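This document starts with one chain, in the form predicted on its own, laid out as structure tokens.
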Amino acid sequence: MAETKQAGPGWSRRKVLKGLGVGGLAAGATIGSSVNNFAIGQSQRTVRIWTTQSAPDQVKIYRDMISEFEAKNPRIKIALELVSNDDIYPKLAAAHAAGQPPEICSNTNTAVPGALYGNKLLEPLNDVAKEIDFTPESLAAFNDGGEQFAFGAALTVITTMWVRTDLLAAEGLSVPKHWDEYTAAIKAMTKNGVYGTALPYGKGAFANRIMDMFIRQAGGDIVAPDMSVVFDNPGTHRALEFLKEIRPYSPPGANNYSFGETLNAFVTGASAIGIYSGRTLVNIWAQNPGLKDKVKAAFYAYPRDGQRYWCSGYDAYFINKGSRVNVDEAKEFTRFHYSPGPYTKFVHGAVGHNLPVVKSVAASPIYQDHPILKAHQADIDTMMAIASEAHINIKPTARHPFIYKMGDIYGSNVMAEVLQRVVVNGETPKAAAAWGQDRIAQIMKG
């Protein structure tokens, strides 16, 4: 196989395929103005955008944003492509290997830009960062040694615990704070066609996220601050035992659940406790408004003798590096995207889910004057409180350096598979964790 130098500085197709462990190019569904024209010297340049945000309201906002931008910038065309958080990382790795990455990616998991940056495949964004009043926390999440390799598209508090206050009250229960209270509550509320909880046990991105949280709540770790692999530890075993114990109190299909299915179970009333971001509120208002006054955000339960630990993060926005990438045009769209008018519409498209990272927008009456925000200010405050304590997966504690290989670990779905080995296949937590330890060690060496 001939090597082509299109994937980034010093990165051949073969090196990227070897380093990221994937092959083949998978395209997303394209919504936009044109296909990419790579011809050098063309008067019109195309900027391809991959986004994981495919809800109809959000797609409409993107279309409107694109139309407004193109009208102001006739030399630039925008092509929007919808992708899934479950497989965006291998698709991006393959696109880099083929020398055809999209210019922009928006709303990816934080581990995705970390892995790409670790392989020198992202454009630095320091110049754009100076022009926008980002929150310091959102910049710090993607700044390594002074280099800004991504922005937060928005703050997303994905491990918020959502509870049905009416169902808890019917059992004489308060919002569970610890695992023992949580277990008792979901057992009591599993009846009359409703399951006590809904957790993602499928082999996908959401299962990796909850495994990360539960392992650390139980006192475990995945990769230690010295970068050694420590996945096979008592905390992992305890988390797996807990997740297996409570599996009967999630709906029957939970072995295949990822983001959408887990969210839908709570929104439709199939579960009494859910786990998701503020998109829960958006979907309840749109799909099941009878629950609007019966739900509440809370810190997800943790062991009474364990660690206060939650996963949050800034869904990432970044520009890929490559000889065919129209960087200047991508930065022009980025400046427009984060300007007050477009960005307010962007976060309103999934209000509560996409919490703003531009300070002037967060403080503006136009942003705050939204019926969902007004009705659920206490829930928004709770999510912000969770975020203030939570960690992102590429820097899981203050003691850890950036772990750029976490993108490869998440992308491999190894933690989700460990969970399935225990819950579906009946392996012991020790045996499954030992398998996961070996697999993660291989990834860290790769």
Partner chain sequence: MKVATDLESRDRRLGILLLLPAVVLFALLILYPFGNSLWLSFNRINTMTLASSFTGLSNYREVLSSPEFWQSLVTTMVWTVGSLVLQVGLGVAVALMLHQNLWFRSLARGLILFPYLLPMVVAVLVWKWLFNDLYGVINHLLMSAGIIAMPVDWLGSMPNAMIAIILIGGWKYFPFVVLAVLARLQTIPEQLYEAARVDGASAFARFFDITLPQLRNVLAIIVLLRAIWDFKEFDLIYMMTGGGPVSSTETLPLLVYKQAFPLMQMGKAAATAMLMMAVMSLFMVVYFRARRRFEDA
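Residue numbers count along the first chain shown, from 1. Nothing here was measured: the structure is a model prediction, and the numbers come from that model.
Not on display, but discussed next: the form predicted in complex with its partner chain.
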| property | result |
| --- | --- |
| Heavy atom contact within 4.5 Å of its partner chain in the predicted bound form, the stretch among 141-149, 67-75, 85-93, 360-368 | 85-93 |
| Proximity of residue 251 to its partner chain in the predicted bound form, heavy atoms at 4.5 Å | yes |
| Proximity of residue 227 to its partner chain in the predicted bound form, heavy atoms at 4.5 Å | no |
| Residue 256 within 4.5 Å of its partner chain in the predicted bound form, heavy atoms | yes |
| Heavy atom of residue 119 within 4.5 Å of its partner chain in the predicted bound form | yes |
| Within 4.5 Å of its partner chain in the predicted bound form, all of 54, 372 and 375 (non-hydrogen atom) | no |
| Single option in 412, 46, 58, 393 placed near its partner chain in the predicted bound form, where near means a heavy atom within 4.5 Å | 412 |
| Selected contact from 218, 207, 163, 97, since only one has a non-hydrogen atom within 4.5 angstroms of its partner chain in the predicted bound form | 97 |
| Residues within 4.5 Å of its partner chain in the predicted bound form, restricted to 264-278 and counted by heavy atom | 265, 268, 270 |
